[in-house]
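One chain follows as structure tokens, the form predicted alone.
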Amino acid sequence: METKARTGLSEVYVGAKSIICPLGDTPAKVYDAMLRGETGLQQLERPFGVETTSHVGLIPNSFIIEERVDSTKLENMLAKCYEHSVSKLQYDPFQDEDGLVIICTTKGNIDKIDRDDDPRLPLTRLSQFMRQSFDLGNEPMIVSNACISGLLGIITAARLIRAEKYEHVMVLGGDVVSEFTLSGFAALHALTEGVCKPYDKNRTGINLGEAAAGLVLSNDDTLFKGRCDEYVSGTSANDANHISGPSRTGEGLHRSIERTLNPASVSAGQIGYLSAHGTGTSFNDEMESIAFERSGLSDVPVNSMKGYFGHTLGAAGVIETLLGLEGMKRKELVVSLGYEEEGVSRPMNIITRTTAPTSDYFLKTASGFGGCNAAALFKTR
């Protein structure tokens, strides 16, 4: 095919999307709500007992009513996404040795921290739960690298497939909102009382949200019952700037983008859509504008999805990738909710009305605490 001939990279296909978030429990329902401009964020006073007023994205219990013995909310969310994704495949390949599940999360079952001896707290518990629940052929891998966890999981999955370690990999991302996470961001004065406004002049911080999402990557496009797209390339880079502050020059994100596009022989001008991290904090949004300009992406249509369901931490890279692919398929890119007035120093082509991508190439980026950054390139089929 064209991609393989041009880049020398073996094909990796991506599909079988699943999602549970405040706006819905299928990709179609969620994207329809986003096109209508709906938000799943709700204002709460003293959420989870934290002394703050903030909009938070919480998942309705009706989306995850089926519970397993001694399971947690996050585990039920991940299990639901696993089942939804497998239902979109010809068979379940993850019960065999050729299949692997990767779980991406920042905090795991952090809502159980009230008891420091709770056996469900270690991240390894998620692996054990998923393997036992679905009789998986391999122990699931955990990827936990701040807010790039979900996107890094997708990149890792593709590398494992191209290295012929596995033929099929499901990437699950998930995190829940809890007293621990809310109090941490409140202590950093990073929460906004209203709905976040990424890249806007009047932005004042982030909203937290909870979600779970799943994608399947495979070397075989016949595994999928429906359509699938292509994963092209991806990379992560750390700018080593600060524990919670991004590089002022956007160095790590810029390097991630350059090292993603160059091996694929794809130029910045060929990108048809950019889904950015866009948290609504002053430092993150400014850093991204600088990195995108340095990477030649200032004219590419770009949005942030955080205003629709909040910052979903470890799930963000997965949920925003699959919704980005949904928009590419429909040729309807959603507006960057909350944006009204330019608030960054470098030019950005922020989507303010539903628009079509300018090409078949979709670039997803993410950044997080500790200076971590990631970028992944996809091509719609």
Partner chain sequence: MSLSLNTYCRIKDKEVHINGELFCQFMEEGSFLRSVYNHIGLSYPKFFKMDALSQLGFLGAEMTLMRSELETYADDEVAVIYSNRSSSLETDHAYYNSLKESGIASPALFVYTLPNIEVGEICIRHKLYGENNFLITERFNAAQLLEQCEALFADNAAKAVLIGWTEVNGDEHDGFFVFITNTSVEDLTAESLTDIYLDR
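In this text the structure is predicted, and so the values were computed from the model without any measurement. Residue numbers count along the first chain shown, from 1.
Absent from the display: the form predicted in complex with the partner chain. The rest refers to it.
- Judged by heavy atoms within 4.5 Å of the partner chain in the predicted bound form, the contact stretch among the candidates 221-229, 193-201, 138-146, 297-305 is 138-146.
- Judged against the partner chain in the predicted bound form with a 4.5 angstroms heavy atom cut-off, the residues G24, L89 and L325 are out of contact without exception.
- A single residue from the set T181, T281, S289, N76 has any heavy atom within 4.5 angstroms of the partner chain in the predicted bound form; that residue is T181.
- Only one of I271, M130, I110, L261 lies close to the partner chain in the predicted bound form, with a heavy atom inside 4.5 Å, and it is I110.
- Contact check for V266: every heavy atom lies farther than 4.5 Å from the partner chain in the predicted bound form.
- When contacts are judged by a 4.5 Å heavy atom cut-off, S71 does not count as touching the partner chain in the predicted bound form.
- Using a 4.5 angstroms limit between non-hydrogen atoms, Q95 is distant from the partner chain in the predicted bound form.
- Using a 4.5 angstroms limit between non-hydrogen atoms, K165 touches the partner chain in the predicted bound form.
- Along 226-252, these residues reach a heavy atom to within 4.5 Å of the partner chain in the predicted bound form: G234, T235, S236, A237, N238, D239, A240, N241, H242, I243, S244, E251.
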